[in-house]
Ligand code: HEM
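Below you will find one chain, with nothing else, as structure tokens; this is the form predicted on its own, and questions on how it binds or moves follow later.
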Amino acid sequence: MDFKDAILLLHPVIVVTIVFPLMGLIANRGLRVRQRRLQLASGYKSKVSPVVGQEHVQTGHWLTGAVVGATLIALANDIFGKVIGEQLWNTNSFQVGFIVLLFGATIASVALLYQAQQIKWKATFAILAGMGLVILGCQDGVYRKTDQWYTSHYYYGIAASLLMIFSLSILKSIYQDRTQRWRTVHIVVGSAVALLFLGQAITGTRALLEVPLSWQESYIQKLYELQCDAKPCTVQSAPRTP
């Protein structure tokens, strides 16, 4: 396994070792926060520690960073794999510079979202970060499977990342809203993200089978050619990244 194969596997390694454990931890903390709140509302003394709320928030911060980071790594692997493979800096240096600046702007927007205190700035940086992810995902080289978007690992991942950014941006509103509407929105968003991660686990496993490592590419290309010997078809390059 060479260097580009190691980079290819970096995204699933981060998801399996960091994102999924954090997902389980934040779900546990969220349920305990709800249990404590309901017990206090009923007039009972809760045995759940009051610090569980802070732990839930902190874990949410870690999870958002891990999800967005893993998404950016996957996009960078796809995009820069094409840039390096086709040496685009010689033919379209403006596009390469734009992509580099867009990655930097997206990372900066996420970092500033963590630091922002006012709601208007949180909304601004959340929108900028989301736009950055979507625009990067539209670049050539990204393995999207748009014709099968309903089971696409890419679309599930982008949707989960956008929801995590949104959830982070409304965190302050949850504690300031006495009507509990933002808390309800937070619960709905969290449930949707959990379902998306379930889909990510399924589609990610499929993507690992579809995307060949470097030593497998020649064999897969021969397989395509053998299929074309049996019936008319067009030989296409095998996808490089999920």
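Numbers follow the displayed sequence, beginning with 1. None of the values given here were measured: they were computed from a predicted structure.
Note that the form predicted together with protoporphyrin IX containing FE isn't included here; everything after this is about it.
Just one listed stretch, out of 150-158, 121-129, 90-98, 104-112, contacts protoporphyrin IX containing FE in the predicted complex at the 4.5 Å heavy atom level, and that stretch is 150-158. Protoporphyrin IX containing FE in the predicted complex is approached by residue 174, whose closest heavy atom lies within 4.5 angstroms of it.
By the criterion of a heavy atom within 4.5 Å, residue 136 is excluded from the residues contacting protoporphyrin IX containing FE in the predicted complex.
For the chain shown alone, residue 80 is not a contact residue for protoporphyrin IX containing FE in the predicted complex, no non-hydrogen atom being within 4.5 angstroms. In the predicted complex, at least one heavy atom of residue 201 sits within 4.5 Å of a heavy atom of protoporphyrin IX containing FE. In the predicted complex, protoporphyrin IX containing FE lies within 4.5 angstroms of at least one heavy atom of each of the following residues of 66-98: 67, 71, 74, 75, 77, 78, in sequence order.
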